[in-house]
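One chain follows as structure tokens, the form predicted alone.
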Amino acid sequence: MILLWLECDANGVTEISLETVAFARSLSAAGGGIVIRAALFGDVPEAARDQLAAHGVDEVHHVTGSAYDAYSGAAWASALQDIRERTTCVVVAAAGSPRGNEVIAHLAARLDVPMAANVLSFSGLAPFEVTRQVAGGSALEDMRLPRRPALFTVAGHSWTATPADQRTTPVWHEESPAVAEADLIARVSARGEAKEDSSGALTSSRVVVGAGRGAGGPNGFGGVMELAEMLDGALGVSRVVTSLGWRPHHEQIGQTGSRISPELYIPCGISGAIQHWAGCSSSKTILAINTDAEAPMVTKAHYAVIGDMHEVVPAIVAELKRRAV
């Protein structure tokens, strides 16, 4: 059996967790129809029930109780260990998010078994063999996980969160495993609403327009913001932009920011360091705008325009406006 730790937000199961379910369905099919179980913690939106049925989950372990009201990597790993021992699942996985990687790492330490982070695919079941991203996504590594349970996280946006061919009727188990006080030392103590702006949600936008050092300063984003708005897309930036304080961190794309997979990504004035590439490499089409024809982003892009973003972007905006008349 397969046990998945799935994350939820106000709208239901997160997109990156549903991608993990899609990976698990492929793994289940390869194993002849292995049962897929999901573990969810705390308040679960009603929409999650329909999502889990639509995506082919067979059983759900809903973990509640005061110890699980707030996120705690160690405590939640303890609960997963309890569920895994009772269900004898041979695979335990989660999305390759910051929390997913933390929880599975805690579980690996408790069970004294290896873990594979940011898995893209599997090539064998006995022993379990996977291919995963390393070095910020700039290289791939084949890894064997011979011990059970096999623990791993699935790289974000490496799978598409499509519904299953057939709906299931998941069996729900309400439970509240005991947890040691020591596991609650590090936990979320407060939450605040994220401030949103016109840039939109990076991870869900079909079009993202990016800007890097080539913007020239905090006042150099007018053109890319206008282009993003015209394309009904989102604005994203490189790490150097947020480090310099030109734009807020929630707009950052990269290894320490958001990982995106839009239909179209237009990086403007971004050289394309490994850390940034780790966040945008899943984009379906990349159109780079840069003055340097040898910049890593230009050489990796599907299309490129060699020129100053402050000249090229306004020209694109003007042409879009002309065609819209």
Partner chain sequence: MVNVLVCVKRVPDSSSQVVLTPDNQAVDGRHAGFTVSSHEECAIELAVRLAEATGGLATVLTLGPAEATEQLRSALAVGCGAAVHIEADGVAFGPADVAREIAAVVRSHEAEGRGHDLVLLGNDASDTGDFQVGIRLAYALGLPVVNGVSTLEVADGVVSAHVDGPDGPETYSVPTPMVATVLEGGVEPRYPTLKGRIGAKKVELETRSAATQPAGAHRVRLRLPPPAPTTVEILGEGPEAAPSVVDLFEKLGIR
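Residue numbers count along the first chain shown, from 1. This structure is a prediction, so every number in the text was calculated from the model and none was measured. Throughout, rigid core stands for the largest set of C-alpha atoms superposing within 1.5 Å between the two forms.
One more form of this protein exists, namely the form predicted together with its partner chain; it is left out here, but the text below deals with it.
Comment: its partner chain is not present in this chain, but in the model of the complex one of His173, Arg213, Arg206, Arg148 has a heavy atom within 4.5 Å of it, namely Arg206.
A heavy atom within 4.5 Å of its partner chain in the model of the complex is found for one listed residue only; from Leu125, Val90, Ala164, Val113, this is Val113. Stretch 248-256 is the contacting one of 248-256, 218-226, 82-90, 156-164, since its residues have non-hydrogen atoms within 4.5 Å of its partner chain in the model of the complex. Under a 4.5 angstroms non-hydrogen atom cutoff, its partner chain in the model of the complex has Val312 among its neighbouring residues. Among heavy atoms of Thr131, some come within 4.5 Å of its partner chain in the model of the complex. For the chain shown alone, Gln275 is a contact residue for its partner chain in the model of the complex, at least one non-hydrogen atom being within 4.5 angstroms. At the 4.5 Å threshold, heavy atoms of Thr64 stay clear of its partner chain in the model of the complex, well away from it. Looking at 295-325, the residues that come within 4.5 Å of its partner chain in the model of the complex, counting any heavy atom, are Val298, Thr299, Ala301, His302, Tyr303, Ala304, Val305, Ile306, Gly307, Glu311, Val312, Ala315, Ile316, Glu319, Leu320, Arg323, Ala324. For Glu174, the Cα coordinates differ by under 2 angstroms between this form and the one not shown after the core has been superposed. With a cut-off of 2 Å and the rigid core superposed, Leu227 has a Cα displacement that reaches or exceeds the cut-off between this form and the one not shown. Superposition of the core reveals a Cα shift of 2 Å or more for Val207 between this form and the one not shown.
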